[in-house]
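Next up: just one chain, as structure tokens, the form predicted alone.
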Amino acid sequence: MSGLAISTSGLVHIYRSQGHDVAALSGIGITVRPGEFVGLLGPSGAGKSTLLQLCGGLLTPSAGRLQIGEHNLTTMTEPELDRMRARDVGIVLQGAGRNLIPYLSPVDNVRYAQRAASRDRSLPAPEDVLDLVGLTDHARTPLPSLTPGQIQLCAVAVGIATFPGLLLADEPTSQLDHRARDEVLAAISTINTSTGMTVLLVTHDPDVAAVLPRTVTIRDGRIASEGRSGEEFAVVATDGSLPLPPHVAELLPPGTLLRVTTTEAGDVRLSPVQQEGQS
């Protein structure tokens, strides 16, 4: 199995709210290489979950381009999207219970998740999937007897039941204690490194974000910054705009004029210009 790449350009999603059109995403451009583990960060309502659902074919883009591996999601029909989700893209929705059938054991939940894809290709044994997330000893334990962390691990197992090329996980560590959070994150990291599966994970937890190899922060429906190995970088958008990091934006009131200069060494400098009437 190999991971699937993600590529978007000018991605827009508009929805109706109280009779008005609201842009949840406004021209998102992002590239994720096969096998990468990327975290989506940002405040509530920024567009993180919307982007995740678009990548899973659960929402339809209003405009722009969205490519998952060889799948062009802007032109696919509903039956084609269903087949993609059954085979190539695993989704872990926020709230572990939304991913599971409560009266089935973990092993039967995984087996149920494999039913569609098993018709045309060989799949791993459900027990092997559970072993990958550390639930071997609880394969047949009733879900109500599991801890919240174990239930979330079961949800992750269901998400990777078909060994897809892409795993989309929406807040998989929320409402867990630190120990359970770390176990879930470690399981997803193991999946990524041992199978080559691409992982796109939404989180609001700074402790989770701190250990991810790459993060993308979304604010107001746009890419605001990227993090690599703990260092944050501003990102120049495809239209040439440059969102400033929050700690810099706080120093520059809206309407501030910035002089852009370059040095002989190739450095770019932004210098505020004092306008008439300013003290």
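Computed from a prediction, not measured in an experiment: that's the story for all the values here. Quick note: we count residues from 1 along the sequence shown, nothing fancier. Only the largest set of C-alpha atoms that superpose within 1.5 Å between the two forms is called the rigid core.
There is also a form predicted in complex with a small molecule; it is not shown, and the following applies to it.
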query: Contact of P43 with the small molecule in the predicted bound form (heavy atom, 4.5 Å); finding: yes
query: Partner contact for S17 in the predicted bound form: the small molecule, 4.5 angstroms, heavy atom; finding: yes
query: The small molecule contact in the predicted bound form: T217, any heavy atom under 4.5 Å; finding: no
query: Distance check, G47 to the small molecule in the predicted bound form, heavy atom within 4.5 Å; finding: yes
query: Listed range touching the small molecule, judged in the predicted bound form by heavy atoms within 4.5 Å, from 240-248, 226-234, 49-57, 29-37; finding: 49-57
query: S9: Cα shift of 2 Å or greater between this form and the one not shown (core-aligned); finding: no
query: CA of Q18, rigid core aligned, shift of 2 Å or more between this form and the one not shown; finding: yes
